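The data below hold one chain only, encoded as structure tokens and taken in the form predicted on its own.
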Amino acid sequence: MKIQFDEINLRAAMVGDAHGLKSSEIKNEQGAALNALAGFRKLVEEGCYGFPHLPFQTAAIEEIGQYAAKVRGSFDTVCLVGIGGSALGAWALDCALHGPHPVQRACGPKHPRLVILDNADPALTMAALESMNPKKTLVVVIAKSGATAETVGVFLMVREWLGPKAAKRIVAVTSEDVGDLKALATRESYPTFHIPKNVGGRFSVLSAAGLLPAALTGVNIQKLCKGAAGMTHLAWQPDLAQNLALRSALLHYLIWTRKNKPIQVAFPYSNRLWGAAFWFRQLWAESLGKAKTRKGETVHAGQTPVAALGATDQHSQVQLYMEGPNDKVHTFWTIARPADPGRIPRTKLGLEGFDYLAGQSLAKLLDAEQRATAAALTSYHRPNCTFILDRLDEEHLGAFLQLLEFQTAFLGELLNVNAFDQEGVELSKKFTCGLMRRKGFEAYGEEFQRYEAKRAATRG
């Protein structure tokens, strides 16, 4: 397993003192990085946060693998019902290892497809139901709280669509001892897998939330966790040359806070990593966008993550990145050895705009596009860096996702914010429950009505 981090274009020597980092600036903050490492490790050892332990939970991994083997061949589609961290991790894994959505191989009992219902949009839900056969579909419903409104609403429709023997084609992933989904799963005898209490949704990709859908669609989850375990070992090392998660966290922290780059562009040059870019967007935004520090100081911290796809978004976003506000850091994700280079035919047509590409490959072209974009951004004093995966398989993907989770946790420590709560999300959830007349949320319904009255008065 080999992942590299190319930081050169974050340096002042490449993009100028106003936008890049001097060696002295990095050296002066290495102590802060080591304190972040020690602080986070202490919290993990105290049991506060559990994602670093997930790759080592062999009993849970084996149980998931055994269940997947037991039911294999009885379905051609896995329908995942979940939202946020209960869906994005599974999408990242599926997109990377089975091929970019929506262009994937034909489904069947040996190669079931994954359909993800991650929004309470009737258009999405009805189109998905029309595309599946209820007798050949296994439904995985995921909600740690057990009562996420969007997930519950969609699941009730899917459950009815399955027919009178629905319970035989449903498996649940939720908390072990709380929540209405757990209660329903117990009542209706669904096979059930659990998300540890100290693992939040956006950090749950290597829990049952991500591993179960992956195993059911044929991913080798043992190799996935092996790669993540190797990266976890490196992430605890105090040597910043070895510890890519800590080093990248420190450099992103300095570029963000010292060079005023409040936007990070996650820029995969691979359609297979496109799902991971959306998974990362939630991870970064929800973990680091915080109103207060751990000491209660108001800071309104946050770096806005943007997902861009290379080379597609060279033709839609790079104009802004080159000539617009210099308020971004660009992080490229590349694959050194793609599985298939995509050979371009050698036939020449007597046209220079075509013939220079004859006999080359799409992989070489995409690599040239990425390196050219990095060079162009650098020439305009736009800081950028690159993660390079030697290849894209289970081990490398598991390691890379674990690296990004550690990077996020370390950056939270550098900012002195709690990267593992999400108070800003909760109010809209409570308003929703109030609007839908859920018992116990009447006060939020009333507060929303006051908001509506204020809108009407302002409009008038």
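Predicted, not measured: the structure shown is a model, and the values here were computed from it. Position 1 is the first residue in the sequence shown; the rest follow in order.
Unshown form predicted in complex with a small molecule; subsequent notes refer to it.
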With the small molecule left out here, work out from 129-137, 371-379, 115-123, 199-207 which stretch has heavy atoms within 4.5 Å of it in the predicted complex.
-> 199-207
Listed residue (Lys290, Lys144, His330, His252) with a non-hydrogen atom within 4.5 angstroms of the small molecule in the predicted complex = Lys144
Using a 4.5 Å cut on heavy atoms, which of Gly275, Pro383, Gly85, Gly227 is close to the small molecule in the predicted complex?
-> Gly85
Consider Glu286 of the chain shown here, and say whether it contacts the small molecule in the predicted complex, taking contact as heavy atoms within 4.5 Å.
-> yes
Contact between Gln282 and the small molecule in the predicted complex at 4.5 Å, heavy atoms?
-> yes
So, in the predicted complex, is Asn243 in contact with the small molecule at a 4.5 angstroms heavy atom limit?
-> no
May I ask you to state whether Thr148 is within 4.5 Å of the small molecule in the predicted complex, using heavy atom distances?
-> yes
